[in-house]
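In structure tokens, one chain follows: the form predicted on its own.
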Amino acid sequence: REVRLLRRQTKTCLEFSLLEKHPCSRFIIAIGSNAVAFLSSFVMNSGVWEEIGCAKLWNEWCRTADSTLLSPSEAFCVFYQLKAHHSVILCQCSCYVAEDQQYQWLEKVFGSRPRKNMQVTILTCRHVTDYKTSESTCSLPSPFLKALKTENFRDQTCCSLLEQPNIVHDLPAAVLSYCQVWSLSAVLYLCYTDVMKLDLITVDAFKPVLSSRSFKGLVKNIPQSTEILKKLTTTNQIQSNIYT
């Protein structure tokens, strides 16, 4: 169950951690189909991005043993660098990284000595029933956004902070914890939704983060990006329909 990072163009594993080989000041990680769709529509559509690596891993929910043969749309965890500004890197992760693989993933991506001047932004979703509140979850305006940040994150968050006793899970929690330990500036934007599959309304819930410093200069045409998102969700719905 080893995690490997490789370049699919050359089919070779990276000798160093991704961010040691490609230092950056902004690292944006989308985890899950809705967060990935948000980055694809609003960020990657607004610039020219170059693939610099992808993750190769295997577990009960994810089998990417032959990731060198996958197309970019099929690869489960891919890293991109903005060609015009090499200090901006994106990660689109649609696969499940098991608990015993998360530390490997962190080491292969961040390395043993992460750069202190880097700002990390994490986007992900959880089902609204996971949100702990004294109110009935039926009365909540789903989807809605909550934020969790490290002590070194000094900017204003784009939504209210996640209240106790709520917690985060899986790879998003591992990344945020890693950033806290290494005193990195990091924020997690967690969208609570009642639709976990690719969903236009859920993706739209991430729009407030476009005003944050992490996304400054990365989004050029929001109306055009919205149209691309609509086409993406429509295509996904057609492909998911067993009667077509």
Partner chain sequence: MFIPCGETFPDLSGFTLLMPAVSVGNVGQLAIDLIISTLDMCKIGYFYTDCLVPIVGNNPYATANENAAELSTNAEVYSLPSKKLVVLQLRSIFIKYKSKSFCEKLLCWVENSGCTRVIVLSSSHSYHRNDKQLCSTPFRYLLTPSMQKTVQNKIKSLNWQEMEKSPCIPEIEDSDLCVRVPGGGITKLLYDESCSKDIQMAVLLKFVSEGDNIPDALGLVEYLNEWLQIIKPHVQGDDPTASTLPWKIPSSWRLLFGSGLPPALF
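Positions refer to the first chain, counted from 1. These numbers come from a predicted model, not from an experiment.
The same protein also has a form predicted in complex with the partner chain, omitted here; what follows describes it.
Counting only non-hydrogen atoms and a 4.5 angstroms cut-off, does Ala174 reach the partner chain in the model of the complex?
-> Yes, Ala174 lies within 4.5 Å of the partner chain in the model of the complex.
Counting only non-hydrogen atoms and a 4.5 angstroms cut-off, does Tyr178 reach the partner chain in the model of the complex?
-> Judged by the heavy-atom cut-off of 4.5 Å, Tyr178 is in contact with the partner chain in the model of the complex.
Decide whether Gln81 counts as a contact residue for the partner chain in the model of the complex under a heavy atom distance cut-off of 4.5 Å.
-> Result no; Gln81 lies far from the partner chain in the model of the complex.
With the cut-off set at 4.5 Å between non-hydrogen atoms, does Glu135 touch the partner chain in the model of the complex?
-> Within the cut-off, so yes.
Per-stretch contact check against the partner chain in the model of the complex, the hit in 207 to 215, 33 to 41, 179 to 187, 47 to 55 (non-hydrogen atom, 4.5 angstroms) = Comparing against the partner chain in the model of the complex, the contact stretch is 179 to 187.
Three-residue site Arg113, Thr150 and Asp170 fully in contact with the partner chain in the model of the complex at 4.5 Å by heavy atom | Each of the three qualifies.
Just give me the single entry in Cys91, Val120, Cys95, Leu106 that has a non-hydrogen atom within 4.5 angstroms of the partner chain in the model of the complex.
-> Selected option: Leu106.
Could you list the residues in 117 to 131 that come within 4.5 Å of the partner chain in the model of the complex, counting only heavy atoms and keeping sequence order?
-> Stretch hits: a single one, Tyr131.
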